[in-house]
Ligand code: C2E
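Only one chain comes next, encoded as structure tokens, the form predicted on its own.
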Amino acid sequence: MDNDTVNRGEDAVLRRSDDGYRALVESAADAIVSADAQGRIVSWNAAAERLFGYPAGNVIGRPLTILIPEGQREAHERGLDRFLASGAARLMGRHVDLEAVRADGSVFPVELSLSTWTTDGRRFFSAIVRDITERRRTHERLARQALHDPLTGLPNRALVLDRIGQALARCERRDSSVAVLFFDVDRFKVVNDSLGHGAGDALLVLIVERLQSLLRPGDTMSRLGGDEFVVVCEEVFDIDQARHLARRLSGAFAAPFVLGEREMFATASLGIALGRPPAATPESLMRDADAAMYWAKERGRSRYEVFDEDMRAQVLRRLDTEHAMPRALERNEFRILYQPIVSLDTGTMTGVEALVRWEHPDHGLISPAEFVPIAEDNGLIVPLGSWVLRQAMEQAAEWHSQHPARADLHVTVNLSARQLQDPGLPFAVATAIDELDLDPSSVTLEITESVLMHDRDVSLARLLDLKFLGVRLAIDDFGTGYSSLAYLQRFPLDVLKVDKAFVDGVALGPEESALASAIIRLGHTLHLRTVAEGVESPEQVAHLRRLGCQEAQGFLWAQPLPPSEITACLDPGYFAA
């Protein structure tokens, strides 16, 4: 291109602006590049020099393609041809992300904003170009965080479901099946409870490293959360192949895992689901493998099970249970039983815990372990929990009225996460207290540690509202979750319950009782009343007394009882040894 042509292009750019505009362009932080309709550069500001590494004198008159990676130049030229033919550019008026190339040959991402104008019958482009390398890195990092487990770096649930979907699409072409192996580390909670979550995390990392070494190149391993993992295997032609891999994964747990100077043995329960389209979907394979894993746990742990029709029947029963629950509340099929809470000093029943049961017309008495998780999932836990709370408060008022000498008897009611998030909860409790003329301190509302952590700010606000009414607040399962000890001071609690997992070991020796002892001492330090759960032996009672625990409940004294049988337990010292 001759100098006259270049100069005419530069003159055209200069004529569309005054000195102030040119100064603004030169001082702009973003690169601003102008080109004529043939794609030749006619203007180049200082920011463009810094961004691309070319002085203006080295690029004026040269084609824009010098700024475009070689593999993309043909597409750029086709776009320019379309513009010349139609007078319209596809990128005009839009912000788009493209790849650019510097003078040193390095490729980097840019955001491009393109405009066009006409001078003396000739068309020109101007582009504002911004380096978005850091933005791209941030996006990639966030995308990876969204799809990968932060502890192990494995794909998370969302990504593994996508991988299963891709595997199912491929297996149609290869006449094979996809196997999903769902596994859970047995008694992993004990590791967290005894050695702390840092040790638990370290153990999970070691397990992942060992198992990944056993997988085929095309297999995918995913962490779903906690100690639950999934392995996805493609090109599986029969269930024996999946069983073989399950045996290999199980065998990997035979050798101990070394954490510092400590050797630890672990086992895993595995569930296998095998399928292919159209019957199988990512969700159905995950669900079936999960069901098989739980069946493996029910049958003794440290084993694997293959999903079959018997398990399918159990899944169908769950669906039946889910569909029957809304009507069950309407038909008054739920019952409340009460488990005594006993003073360890006197043997007197100081209170009761209200526990809901479902008396199904076809299946008989259904355990809350079967229907409460379903109620949490479908939202029925809020009306069900409200019903339980009101019924328990009415029963407490009745006991107080019929037995004035035991007006100190309190009733404990569990709150779910959804109930605690309900802004109407404090009003419902206040209304019941007023209508029943009930002493608020005779009502204890119990929240698990995980519920407190669900939404800390909302939980704190709701608990403060409840505390203002005068009810007592208890925390259950403390030490089994991931909260900080600092939250015990932040939340307005009155009672600290010692989980059965810690109570089980109090009579076995100093090491086994250490956690229970620490929790009880913590309760004393924070002026909280301590209640031990799941007490089953006189030896446990003796050790709990020695540790300073004040109250307890468990099968040693009574299973959950109907209200009529609680009346007989009201006498002082009824449960005294």
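Source: prediction; values computed, not measured. Throughout, we count residues from 1 along the sequence that is shown.
The same protein also exists as the form predicted together with the named molecule; that form is not shown, yet it is the one meant from here on.
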Inset, instruction - Answer yes if any heavy atom of residue 355 is within 4.5 Å of a heavy atom of the named molecule in the model of the complex; otherwise answer no. - result: yes
Inset, instruction - Look up in the model of the complex whether residue 220 has a non-hydrogen atom within 4.5 angstroms of the named molecule, and give yes or no. - result: no
Legend entry - in the model of the complex, residue 53 touching the named molecule (heavy atom, 4.5 Å): no
Legend entry - Interface membership of residue 414, the named molecule in the model of the complex, 4.5 Å heavy atom rule: yes
Inset, instruction - Name the stretch, out of 60-68, 526-534, 543-551, 34-42, where some heavy atom lies within 4.5 Å of the named molecule in the model of the complex. - result: 526-534
Legend entry - the named molecule: the contacting residue among 110, 80, 473, 372 in the model of the complex [heavy atom, 4.5 Å]: 372
Legend entry - the named molecule: the contacting residue among 381, 266, 306, 420 in the model of the complex [heavy atom, 4.5 Å]: 381
Inset, instruction - Can you tell me which bits of 546-569 touch the named molecule in the model of the complex, meaning any heavy atom within 4.5 Å? - result: 554, 555, 560
Legend entry - Inter-Cα distance between residue 228 and residue 368 in the model of the complex, nearer or further [3 Å or more]: farther
Inset, instruction - Have a look at residue 148 and residue 417: in the model of the complex, are their Cα atoms closer together or farther apart than in this form, given the change is 3 Å or more? - result: farther
